[in-house]
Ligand code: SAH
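Heads up, the chain below is alone and in the form predicted on its own; it's given as structure tokens.
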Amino acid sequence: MHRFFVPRGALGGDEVALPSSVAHQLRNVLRMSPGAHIVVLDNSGWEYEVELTEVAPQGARGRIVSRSLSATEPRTKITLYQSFLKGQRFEFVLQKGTELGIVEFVPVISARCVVSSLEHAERKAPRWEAIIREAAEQSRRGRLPELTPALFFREACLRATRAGQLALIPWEGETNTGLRQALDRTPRPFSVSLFVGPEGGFEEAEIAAAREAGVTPVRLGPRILRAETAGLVAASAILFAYGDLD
């Protein structure tokens, strides 16, 4: 069944009032009519099977048939601190990271980013949120990953370590600690913060600042990964190590 995230206020009792954007997709794209069944999510962790009772241009309505807790969210909560990337590469990371199970994205401005203003992220936020929503619906997520306001690198490091959870920064210059080693020597954390640089990677001064803040540099093997690949690979490895891909 097709899945749609809706505002929590859309659910009232056993009824669901679907917004016009969803109604448009139901009516004009999917060609659905009353009697069809969809899954509605209100970002609370619950899934609602809904039978459509009305599909009109101005909106759609439905009746809740059943509800159940979503079983698709990973136990390990990964926050990806992704430095800005050129072109559509940042959007690619948002889409694929959502499909993979990342729970939060933090856009980061680091030294080698081509974008250096927080306003850029503010302008892009509506588009990025739409990409996350579509990917979450397609991949059967039970919750929408959160997109937080952009931060400069040093601020991001302090935010990631403030809660005392595991924070990692893949870096090609690290020679002592691999990702597996960092995970093995740490009790299983509730959440993991993962830093990924822009094209060209992080500067050594940034790695030093990350260490000082409590972020651990790790290597991801002998090969150099592209900026839009590294975070997805590391997140996949972390989820696998903790049993979230079983």
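We number the residues from 1 along the sequence you see. Nothing here was measured: the structure is a model prediction, and the numbers come from that model.
Heads up, the form predicted together with S-adenosyl-L-homocysteine isn't pictured, but that's what we're talking about next.
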Please identify, from 201 to 209, 33 to 41, 54 to 62, 180 to 188, the stretch that has a heavy atom within 4.5 Å of S-adenosyl-L-homocysteine in the predicted bound form.
201 to 209
Residue 196 versus S-adenosyl-L-homocysteine, in the predicted bound form: is there a non-hydrogen atom within 4.5 Å?
yes
I'd like to know whether residue 172 contacts S-adenosyl-L-homocysteine in the predicted bound form, with contact meaning heavy atoms within 4.5 angstroms.
yes
Contact label in the predicted bound form: residue 235 to S-adenosyl-L-homocysteine, heavy atom within 4.5 Å:
no
Would residue 27 count as a contact of S-adenosyl-L-homocysteine in the predicted bound form, using a 4.5 angstroms cut-off between non-hydrogen atoms?
no
Out of 209 to 224, which residues reach within 4.5 Å of S-adenosyl-L-homocysteine in the predicted bound form, heavy atoms considered?
218, 219, 220, 221, 223, 224
